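Just one chain follows, in the form predicted alone, and it is written as structure tokens.
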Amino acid sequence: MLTQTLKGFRDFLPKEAKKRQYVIETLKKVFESYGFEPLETPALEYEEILTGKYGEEGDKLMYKFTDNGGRKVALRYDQTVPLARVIAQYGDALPMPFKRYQIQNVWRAENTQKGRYREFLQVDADIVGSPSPLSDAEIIALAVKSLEKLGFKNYKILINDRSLLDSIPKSAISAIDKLKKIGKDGVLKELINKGIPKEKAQLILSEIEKKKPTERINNILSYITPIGVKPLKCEFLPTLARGLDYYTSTIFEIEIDGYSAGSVCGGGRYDNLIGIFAGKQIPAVGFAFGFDRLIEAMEELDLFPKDLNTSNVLVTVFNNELLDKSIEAAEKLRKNGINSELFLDPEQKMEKQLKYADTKGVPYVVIIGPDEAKNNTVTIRNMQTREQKTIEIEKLPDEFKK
């Protein structure tokens, strides 16, 4: 039996999982401060729901199979198409505009590389039902505020209007989207490989590079500054394409200075997608964070808090006779909202209990020996400085509320 994960799939041990939870909780608070509500959808959808919505590459990378009931199904490839299905299915019961965020795993049969996995968490936020450029501006502002709350200061918003690419073949868009990654020569080669003559491929690139911002982009940029996004952080980039077929107008990406693996956020307006399911046009705009890239960028830029411990305090157990005192101390801390762990083996020596706290990174240890029990006190040990002090047990919670 191989005790290892599949390629592109990962375990997250507590050290990594705590970082992920920190980012998730931070993002949730920002989303909800803007009035966005949570949504969850199934991992599996009918294959026909997902296929044909992302383009040739998306269909190729999708995990598709026949289940035990003979149904053709597919694993969730992103969260936008499932959102479109939800709007069509429950639209009459939802407030419009519908502002939702979704934080769930998606699956893609990628060639694994830095920042790319086959199972990964995606963080989405969308506004459904509003055609206003103000909705686009708020979506961009929400992404920016989220990044700033995580500690990012130097970033760039690249913005374009997908309608500027309407005149070129759809097969060319996914190639143009790789311009920053593979360069002009690489894009031309890919366009030629897609059957576009060399001269026409060169003309396509040349024409795109000369495009000017649309009226919608100018309106969005005019709204962004009052909302709180610095205009110097925004750059119109006519060659920004974003490879997914469902975009109709605004598209944007956000890059972090000092992080070279690519953009950490991307999104745009997709006014026709929901209509495929609902039978009528319903405007929508949103974005997705590349969650793993966020984590990597935060690690590279040292943005995580130094203390992400689940437990703030370990209450040691001197021996079986004094176990009740240790239990009393742990419960007193918990009742006052202080995360506390009780050491569960009274037979272990104090040295081993302190080592356990050190290994877990627990910052404080509470010790109740015979003298402390007799005097109704506790000794608090700072595991970083190794300093100790003894206080009355009744004052124990106050010590950690400072």
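When you see a residue number, it is the position in the sequence shown, counting from 1. Here the rigid core means the biggest group of C-alpha atoms that line up within 1.5 Å when the two forms are laid on top of each other. Keep in mind that this is a model prediction, so the values were computed, not measured.
The next section is about a form of this same protein that is not shown, the form predicted in complex with a further copy of the same chain.
Listed stretches are 157-165, 320-328, 172-180, 192-200; the contact stretch with a further copy of the same chain in the predicted bound form is 320-328, by a heavy atom cutoff of 4.5 Å. Just one of S146, T250, S135, T80 comes within 4.5 Å of a further copy of the same chain in the predicted bound form, counting any heavy atom, and that one is S135. With the partner omitted here, the residue from I127, V123, L294, I282 that has a non-hydrogen atom within 4.5 angstroms of a further copy of the same chain in the predicted bound form is I127. Residue contact with a further copy of the same chain in the predicted bound form: L303 places no heavy atom within 4.5 Å of it. Proximity of L44 to a further copy of the same chain in the predicted bound form falls within the 4.5 Å heavy atom cutoff. Proximity of P131 to a further copy of the same chain in the predicted bound form falls within the 4.5 Å heavy atom cutoff. Under a 4.5 angstroms non-hydrogen atom cutoff, a further copy of the same chain in the predicted bound form lacks T26 among its neighbouring residues.
Residues A17, K18, R20, Q21, E25, K28, E32, S33, Y34, G35, F36, E37, P38, L39, E40, T41, P42 are the ones in 17-42 with at least one heavy atom within 4.5 Å of a further copy of the same chain in the predicted bound form, listed in sequence order.
Residue displacement note: G361 has its CA displaced by under 2 Å between the shown form and the other one (rigid core superposed).
Core-superposed comparison between the shown form and the other one: the C-alpha position of L342 differs by less than 2 Å. Residue displacement note: G52 has its CA displaced by at least 2 Å between the shown form and the other one (rigid core superposed).
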